[in-house]
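Just the one chain here, laid out as structure tokens, in the form predicted alone.
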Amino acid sequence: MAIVRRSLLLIALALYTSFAAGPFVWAAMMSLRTTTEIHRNHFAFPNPAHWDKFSDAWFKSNYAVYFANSVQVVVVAVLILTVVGAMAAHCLARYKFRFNRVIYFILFSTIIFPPQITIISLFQILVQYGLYNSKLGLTLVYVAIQLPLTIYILESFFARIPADLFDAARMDGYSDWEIFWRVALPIALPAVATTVILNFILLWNEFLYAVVLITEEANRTLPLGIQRFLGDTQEDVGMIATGLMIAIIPVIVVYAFFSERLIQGMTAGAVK
């Protein structure tokens, strides 16, 4: 029976891996083929493989600029989200003050609202303050939309840190600032790493806010760059796949290096 259960488990894992990795492998193959070759046979292997498509996309289709814009906007947004979100979560979890739970409930309630309802108001605010069509404006929007979720994830983790640690730190003469940076934050690193990875993946692939708030070519991000190959009457499927691979590779690299931290943060139990 043990062999049967193990075999069934391996079969289930193989099927799920094929289901999850299949679209990525298919996109990788299409990224090395021309649109004509893809229309001739959608699932054929690239023969020959057109590696020059990546250099064409990078240098001739402005992907170097799109990539740099995405890196700048996402890295700055994730950095702000990590620092501000961790501080706010620590404050809400450890300090008792008036309207503490009200503030937490308001932050939590914003998570359930669909992002489409904020587009018009955000557009008007950015235009009013001269931030429309700017990377700074898009960065601030990304921080605003992801901050509630970041605080929600981190608050529960900070709340599980034993109060005795903070009492001991106060007896040693630590200030509130030092307690956060030298006690709370190091203990919460697995949860912080989880929010970093999740925010990076979500913002790196974000399209809705970017397509509404950015129209200038020089400020476009990678998801908007892929849109260049979508026409009204025809689509360059081959270059779309190449652009997707350029956008996907950084996410895979980040996940490969930090997946262990992600798992630790998502499965972290009570801190001892």
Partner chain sequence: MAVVTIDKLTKVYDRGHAPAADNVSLDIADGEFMVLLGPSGCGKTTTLRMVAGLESITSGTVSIDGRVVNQVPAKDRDIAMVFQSYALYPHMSVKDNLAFGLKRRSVERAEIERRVANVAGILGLAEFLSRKPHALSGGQRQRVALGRAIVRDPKVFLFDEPLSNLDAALRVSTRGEISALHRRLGATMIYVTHDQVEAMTMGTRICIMNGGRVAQVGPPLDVYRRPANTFVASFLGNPPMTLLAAVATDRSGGRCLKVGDSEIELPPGRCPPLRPGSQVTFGIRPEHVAQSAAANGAMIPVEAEIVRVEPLGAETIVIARLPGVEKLVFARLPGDAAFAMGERRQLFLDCGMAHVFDGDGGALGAGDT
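No experiment lies behind these values; they were computed from the predicted model shown. Positions refer to the first chain, counted from 1.
We do not show the form predicted together with the partner chain, though everything after this point is about it.
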*How about Ala168: is it within 4.5 Å of the partner chain in the model of the complex, going by heavy atoms?*
yes
_If we define contact as a non-hydrogen atom of the residue within 4.5 angstroms of the partner, is Gly173 a contact of the partner chain in the model of the complex?_
yes
*Is there a non-hydrogen atom of Arg160 within 4.5 angstroms of a non-hydrogen atom of the partner chain in the model of the complex?*
no
*If you check in the model of the complex, is Pro186 within 4.5 Å of the partner chain, heavy atoms only?*
yes
